[in-house]
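Only one chain is given next, in structure tokens, and it is the form predicted on its own.
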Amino acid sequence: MMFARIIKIILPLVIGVAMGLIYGWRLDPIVYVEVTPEILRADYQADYVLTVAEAFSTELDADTAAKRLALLGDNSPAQISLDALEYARSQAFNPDEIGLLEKLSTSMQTYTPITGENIP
């Protein structure tokens, strides 16, 4: 008798969870379209900035790096790269990664956007 009550409670619960998972994962999953890295957690944002730093180390294009960093929000590229560098140091990233972030941060501190006024 007690077993029958447990089955009446647990069986619908298991079926409901299974149906919810099937619906959410297979029938109507959330599809993110045209989202920016701004919504990422701090650790993923730091990884994104590290990726920008890696690209910057080969391209040496500060303008492109600044545009990529601008996708992370309203802060300046210099502040974004500095925040990522601080995060990398606090999370004990390896020295090569910290070096790349330092190089990017230094470049972003002295970066001046190219505008019509800057062109001779």
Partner chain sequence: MRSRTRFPWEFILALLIGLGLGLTYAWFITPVEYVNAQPSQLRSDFKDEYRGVIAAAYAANRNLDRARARLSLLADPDPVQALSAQAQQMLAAGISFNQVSQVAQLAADIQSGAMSPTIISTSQIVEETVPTSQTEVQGTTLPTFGESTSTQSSGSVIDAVTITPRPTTTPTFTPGPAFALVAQEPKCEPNKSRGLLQITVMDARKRQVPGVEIIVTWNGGEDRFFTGFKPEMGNGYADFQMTVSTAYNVRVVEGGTQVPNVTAPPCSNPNGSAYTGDLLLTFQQP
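By rigid core we mean the largest C-alpha set that fits within 1.5 Å across both forms. Just so we're clear, the structure is a prediction, and the values are computed from it rather than from any experiment. Residue numbers count along the first chain shown, from 1.
There is another form of the same protein, the form predicted together with the partner chain; it is not shown, and what comes next is about it.
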is_contact(residue 50, the partner chain) in the predicted bound form, heavy atom dist at most 4.5 Å: yes
Non-hydrogen atom contact residue 59 with the partner chain in the predicted bound form at 4.5 angstroms: yes
is_contact(residue 54, the partner chain) in the predicted bound form, heavy atom dist at most 4.5 Å: yes
Heavy atom of residue 43 within 4.5 Å of the partner chain in the predicted bound form: yes
Contacts with the partner chain in the predicted bound form, stretch 20-41 (heavy atom within 4.5 Å): 20, 21, 23, 24, 25, 28, 29, 30, 32, 33, 34, 35, 36, 37, 39, 40, 41
Flag for residue 58, CA shift 2 Å or larger between the shown form and the other one after aligning core: no
Rigid core superposed: residue 95 CA moves 2 Å or more between the shown form and the other one: no
Sense of the change in Cα distance from residue 35 to residue 61 in the predicted bound form - at least 3 Å versus the shown form: farther
